[in-house]
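One chain follows as structure tokens, the form predicted alone.
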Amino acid sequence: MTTTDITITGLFFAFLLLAIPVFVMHKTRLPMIQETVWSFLRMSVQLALAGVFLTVLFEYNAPVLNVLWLGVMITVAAYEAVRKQDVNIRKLYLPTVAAFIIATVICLIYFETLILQGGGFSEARFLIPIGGMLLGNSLGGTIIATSLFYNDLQRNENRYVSALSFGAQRKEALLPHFRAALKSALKPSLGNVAVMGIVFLPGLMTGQLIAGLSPMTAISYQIALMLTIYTSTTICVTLSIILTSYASFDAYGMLKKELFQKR
């Protein structure tokens, strides 16, 4: 079974679909038309450039280049995770990078060696797509969790200080805020997992089916990847909050005010 290529004409008709949301935004006076068009144009340019670069990566399949590209992906993901917060980027960037590296590398090695059992950790066809899926989901979860954690802590600082004054350790006083942040980060993933296969088919599985793989093979990949993605997100969110907290509190356990002064 061969896969049908999408031609330039087909892509034109795909972009033509944007006329519908743009029309709705225009009629409802929703000020998102420019943002929508720009976002999809930016996506198209980025994917086109990524396609050229990935073609080279897949052709040469050099482990050094593959790992370097994964490093670029991690660096950008960590920057986006911190940039979306109302915090000083310089304070939290390096701890966030460390969290992404640890979570992504651990889950990638586990997936490649124990789940796929192929030993092809550094191969471009595995490293880049799977690493991208792990980072993409971890990015969303980390943005939600860290934003909620620090904003909730700032709003309820008196409750946190009271817990400390009654003899609680810093980690004990922070636990309710951490618990709420982790729950908010993981609930969307669980919601998708609960209806997967009945309400919708995920992108990876759909792509594999279109490419001609058997449904059972596509399902096996999807189950293994969803378990790995959920674990990676959990690790990344947990480490992001733990590691950034070392730069966010002073010696007395108080939240640093300069953390929320953007530069």
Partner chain sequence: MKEEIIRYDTVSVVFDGITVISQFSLTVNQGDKVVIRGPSGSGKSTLLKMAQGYARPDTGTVSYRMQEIDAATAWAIRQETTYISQDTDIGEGIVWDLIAGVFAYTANKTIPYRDCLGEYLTLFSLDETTLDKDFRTLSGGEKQRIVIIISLLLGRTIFFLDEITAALDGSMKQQVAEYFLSHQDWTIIAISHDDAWYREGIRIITIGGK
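Positions refer to the first chain, counted from 1. Given the structure is predicted, the values throughout are model-derived calculations rather than measurements.
Absent from the display: the form predicted in complex with the partner chain. The rest refers to it.
### Query
Of the residues 102, 161, 115, 76, which one places a heavy atom within 4.5 Å of the partner chain in the predicted complex?
In short, 161.
### Proximity to the partner chain in the predicted complex (heavy atom, within 4.5 Å), stretch among 236-244, 21-29, 250-258, 8-16
Careful reading of the contacts points to 250-258.
### Query
Taking the shortest heavy atom distance, is residue 94 within 4.5 Å of the partner chain in the predicted complex?
The answer is no: residue 94 has no heavy atom within 4.5 Å of the partner chain.
### 4.5 angstroms heavy atom contact with the partner chain in the predicted complex for residue 168
Close contact exists here: in the predicted complex, residue 168 approaches the partner chain to within 4.5 Å, heavy atoms only.
### Message
in the predicted complex, is there a heavy atom of the partner chain that lies within 4.5 Å of any heavy atom of residue 156, even though the partner is absent here?
### Response
Flag for residue 156 set to yes.
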